[in-house]
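In structure tokens, the next block holds one chain alone, the form predicted alone.
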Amino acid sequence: MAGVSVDEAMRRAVTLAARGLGTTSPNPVVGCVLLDSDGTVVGEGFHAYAGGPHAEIVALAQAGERARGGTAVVTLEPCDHIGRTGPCSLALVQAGVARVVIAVPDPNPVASGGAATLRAAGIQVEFGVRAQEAEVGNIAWLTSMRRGWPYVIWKFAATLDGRSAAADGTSMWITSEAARIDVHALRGTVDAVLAGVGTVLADDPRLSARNLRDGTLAIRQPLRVVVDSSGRTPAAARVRDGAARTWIATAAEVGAGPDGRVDLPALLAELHRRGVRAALLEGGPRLAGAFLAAGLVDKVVGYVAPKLLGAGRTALVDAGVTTIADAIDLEITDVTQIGPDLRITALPRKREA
């Protein structure tokens, strides 16, 4: 890869950053490409895991002296603080780069300020190249840091007529094995999986990320959270099996809303304090309805099976909608066939005040 433009280098940096999805939290995903003074790629890297070297450090190690006088192209503003690793801003200054091109500024007040440090050292700094792509690739972390609670994905599986279980309560399996494998991959990209106590009592899910073919657990497991207002989760529930950390979130611990149930904004604030930047809301229909009614869902991922039941439990209950004018509008961003099923990804549209 020689003689590339800054735009091309940023596109590559965004691609590199995506390799860290699911392993860097509570840190962001970041990619970096280093160009020498002739525009030749001399180093590249991404942040692979929390506590490990940042993208800029990996790229600088590859480049060595070839970084001097060159350009660092990075998806997120270089950090300016000492945490488990040193500040990337200082590393770039010491490496002698002449220019740093950044897609997105760092919203974290603890780590931000890298651009100012670079400018103070006489380095040219530019923002905004492929900013939208970098935002999308890092949306969970950026959203979480900007507002102080996790990015929430509601995932559901249903028949074509919106049923998540038959009239007799059976629900295994609504969707195909291919779709369920995809769900486990999705679990591997988040920090927490949430379910209501009703789902735990009815279905006794594990909520862990597994390889369905041999049952082995993924190396990194999300925190399992049971939203259980009055502490009804059985001691023998599979969610307590030790395969992953589990938090039974009760109203007594988290705080209660006006309805006496767990206060959802307080729950999300506590999850953020615990390092959760992305949360997957998996069940059940009433908890999903409460999250949607409160405007706390950022993305919807629905697995729709080509089946009809005509009766049984619905995938969603009481989302605060009483008339068609109040329907929660969604913007569909992707439709992909997974085995015989469809995976539909959508974003709730923001309502005008």
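Fair warning: this is a prediction, and the values are worked out from it, not measured in the lab. Just count from 1 along the sequence shown to find any residue number.
Although it is not shown, the form predicted together with a small molecule is what the next lines describe.
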item: is_contact(Pro53, the small molecule) in the predicted bound form, heavy atom dist at most 4.5 Å; value: no
item: Heavy atom of Val227 within 4.5 Å of the small molecule in the predicted bound form; value: yes
item: The small molecule contact in the predicted bound form: Arg261, any heavy atom under 4.5 Å; value: yes
item: Contact test in the predicted bound form: Arg220 vs the small molecule, heavy atoms, 4.5 Å; value: no
item: Listed residue that, although the small molecule is not shown, lies within 4.5 Å of it in the predicted bound form (heavy atoms), from Thr246, Thr143, Thr71, Ser171; value: Ser171
item: Contacting member of Glu270, Glu133, Asp203, Asp182, with respect to the small molecule in the predicted bound form [4.5 Å, heavy atom]; value: Asp203
item: Option from 184 to 192, 156 to 164, 74 to 82, 124 to 132 whose residues, in the predicted bound form, bring a heavy atom within 4.5 Å of the small molecule; value: 156 to 164
item: Check all three, Val30, Asn108 and Arg147, heavy atom within 4.5 Å of the small molecule in the predicted bound form; value: no
